[in-house]
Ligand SMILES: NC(=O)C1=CN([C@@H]2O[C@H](COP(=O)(O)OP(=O)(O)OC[C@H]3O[C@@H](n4cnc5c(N)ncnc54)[C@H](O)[C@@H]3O)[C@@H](O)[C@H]2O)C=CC1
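Okay, so here's just one chain, in structure tokens, the form predicted on its own.
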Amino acid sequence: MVKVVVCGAAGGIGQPLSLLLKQSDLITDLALYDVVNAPGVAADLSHINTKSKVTGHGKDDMDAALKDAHTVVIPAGVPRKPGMTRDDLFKINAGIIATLAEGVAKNCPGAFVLVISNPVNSTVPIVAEVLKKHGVFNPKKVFGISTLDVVRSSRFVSEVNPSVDPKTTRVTVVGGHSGVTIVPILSKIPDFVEGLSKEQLDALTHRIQYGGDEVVKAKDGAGSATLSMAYAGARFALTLLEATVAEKTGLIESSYVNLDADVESTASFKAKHGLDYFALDVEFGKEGVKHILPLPQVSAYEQTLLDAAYPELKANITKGASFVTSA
């Protein structure tokens, strides 16, 4: 049995994400949890002719939803609205995430936990600290989904240079999952950066870092990036299932992870920068994180981006961790 749970399944990300997951033959049980409307979403999806059984779970049914889960995907929380800072978002979403992490610790302590809820730089440490409190934290099994930054990068690069295929061109994006902490390593795309002016590079980098704002503004108060985030979240979840269930090898996605998931690869980086979490390319294995790939060699331009990202990330991480440890 491979049970996948979506927490926040009736929301703007949760519904399309659940639809995409319903298409996978690797999932036998798809449990949808939300404080409202989850049974209705589940009834709708249950009519789709794929193998998985779909169940819907309301506000008071979290334990049943999470019981014995293989993978838990968390898009729960409120979306960012125009004028709302990520700090405002944190205050609302932190409590929601901590409650769900408590549910994971109680009902499926060995599950893979995939965090979509923003601000990811802080919500992943919240999940980790709650699991630590219960003695069930495994750094190889907790992931912040920063895949949307990679997806956007591939698309935006192809808009600058139409000869770049957005589907097959993968841009390594490191750091975190908000603003200046998002660092695209564009220098690794052969012959791409050489043809760009400094102004073009600045504009492209800014667009990748603040792509979410573009969507928030375009939706004019009606939400944030939901469809593209659902696509990125499903891509990540399905890749993880390919590695952990189908046991395929060599699968790599960018993810915001606890660096203790691969101490051998990250010890010197962690010591140098004093960071417990960082987004890097991660190779998946049967136990989750098999290997965290090292930070690639970067250009002088990218080094300045990294130098700006480190202090911001450190503050985000501390904020998330202390929400649990100082409670």
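Counting begins at 1, following the sequence as shown. The shown structure was predicted, so the numbers you read here are calculated from the model rather than taken from an experiment.
Only in words, not in the display: the form predicted in complex with the ligand, which the text now covers.
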Next on the checklist: Within 4.5 Å, heavy atoms only, one stretch in 159 to 167, 102 to 110, 89 to 97, 250 to 258 touches the ligand in the predicted bound form. Which?
Outcome noted: 89 to 97
Checklist entry - Does the ligand come within 4.5 Å of any heavy atom of residue 124 in the predicted bound form? => result no
Checklist entry - Is residue 145 a contact residue for the ligand in the predicted bound form, using a 4.5 Å heavy atom cut-off? => result yes
Checklist entry - Would residue 240 sit within 4.5 Å of the ligand in the predicted bound form, counting heavy atoms only? => result no
Checklist entry - Does at least one non-hydrogen atom of residue 78 fall within 4.5 angstroms of the ligand in the predicted bound form? => result yes
Checklist entry - Of the options 154, 172, 205, 224, which one has a non-hydrogen atom that comes within 4.5 Å of the ligand in the predicted bound form? => result 224
Next on the checklist: Where, within 237 to 254, is there a heavy atom within 4.5 Å of the ligand in the predicted bound form? Residue list please.
Outcome noted: none
